[in-house]
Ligand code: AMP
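Okay, so here's just one chain, in structure tokens, the form predicted alone.
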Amino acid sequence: MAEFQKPRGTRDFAPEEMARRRFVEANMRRTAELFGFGEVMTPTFESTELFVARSGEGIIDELYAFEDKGSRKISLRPELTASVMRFYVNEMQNLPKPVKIFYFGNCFRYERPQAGRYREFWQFGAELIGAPSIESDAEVIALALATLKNLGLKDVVVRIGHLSILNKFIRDLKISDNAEKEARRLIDKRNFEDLRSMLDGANANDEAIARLIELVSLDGDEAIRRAKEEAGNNEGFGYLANLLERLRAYGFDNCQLDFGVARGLDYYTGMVFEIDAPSLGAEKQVCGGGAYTLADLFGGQEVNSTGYAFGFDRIMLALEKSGVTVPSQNLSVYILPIGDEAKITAIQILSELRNAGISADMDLMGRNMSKAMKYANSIGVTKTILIGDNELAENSVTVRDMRSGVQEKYPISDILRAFFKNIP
């Protein structure tokens, strides 16, 4: 018989890992809802042309693209922003502004798998549509940072740039439009060696090359000083100063300016940002976003938009590398009936606990006391309930706290008192 393996670049998730992922996902959802964002969901596949319109023809090589039975060109979604903005244009343009939405789903890219990057992966993102740019930018960055804070991921680096400043230095190169696009892509990847080689081949001005590479290599106050010296009175400087002031008002003063944040896509229009988790090493980016226009590209009215996307798998890895404990077990109670007569009573108690909202299970394997307690320890339950002949004779149960080892007896009719102390 053939042995089937999962496709390359995909994963299976066991119950413990799924419990961790669902815990993190729920935490991220709660934070978005606290900020007034509502959840949307879009199809797993879309017209291939939607993704080409967003990212250019080069995206096709990265897609799981095919023709369906109606000869329509379809692709599994490689990201969610395009689908969400298509949805906005189709059905949400007339909603009161701003429109604040978030989403979570699996995406697919045909690329080389590596640590924390897979062919099937998950994104959690948010979009704020229709508010003034600086207010949108501040709210969206604050949401991203609050999400990480609420997860316990504190060791992050927030890098914020502005494309009007970067584009001024790129225009000084006096190269073709295609070369400019390639320069942004290489800057986004921080591949400065290939950037210099490409610019040399494009006959860019040597002095302009040196200024650009110096700018995108610096961050913080030094980047601002050098950029102001070279770019003069660019509107982006004042904008970023006001943005940082707003972020401090939100309670976030860990943001630094980095004009090497390029995002590498044409539809970004102003502020751009990335968030890194240094614990991940070289592949440390966990979030990216910025201000953009896409609605008009998809047939809608031009509107201010700001958004971001978290690489959910990167977040899970960053939490692990940073030593943040994520619960992997949601079972609270394990019931051990000793003997056949106790099994009916165990089932009745099991049902009562579950009806009260307490996660519970019982021994289904007929284990003896020693093995059952060892199993209960292995799955991390909070309490065990023992039901043997003595307990049945007294119409009671023994409840054991698995952390302290303390045991107490409770009447079967009063079992919920073991879990809800304020029951009268």
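Because the structure is a prediction, the values reported are computed rather than measured. Residues carry their position along the shown sequence, with the first being 1.
There is also a form predicted together with adenosine monophosphate (AMP); it is not shown, and the following applies to it.
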Heavy atom within 4.5 Å of adenosine monophosphate (AMP) in the predicted bound form: which of G236, G260, G311, P98 fits that? Just give me the one.
G311
Select from the listed residues Q123, S75, S136, S279 the one whose heavy atoms reach within 4.5 Å of adenosine monophosphate (AMP) in the predicted bound form.
Q123
Each of E16, Y375 and T382 near adenosine monophosphate (AMP) in the predicted bound form, meaning some heavy atom within 4.5 Å?
no
Taking adenosine monophosphate (AMP) as it sits in the predicted bound form, is R184 in contact with it (heavy atom to heavy atom, 4.5 Å or less)?
no
Examine E111 and determine whether its closest non-hydrogen atom to adenosine monophosphate (AMP) in the predicted bound form is within 4.5 angstroms.
yes
If we define contact as a non-hydrogen atom of the residue within 4.5 angstroms of the partner, is V286 a contact of adenosine monophosphate (AMP) in the predicted bound form?
yes
Using 4.5 Å between non-hydrogen atoms, is Y118 touching adenosine monophosphate (AMP) in the predicted bound form?
yes
If contact means any heavy atom within 4.5 Å, which of 336-344, 198-206, 176-184, 303-311 contacts adenosine monophosphate (AMP) in the predicted bound form?
303-311
Taking only heavy atoms into account, state which residues of 70-101 are within 4.5 Å of adenosine monophosphate (AMP) in the predicted bound form, ordered by sequence.
E79
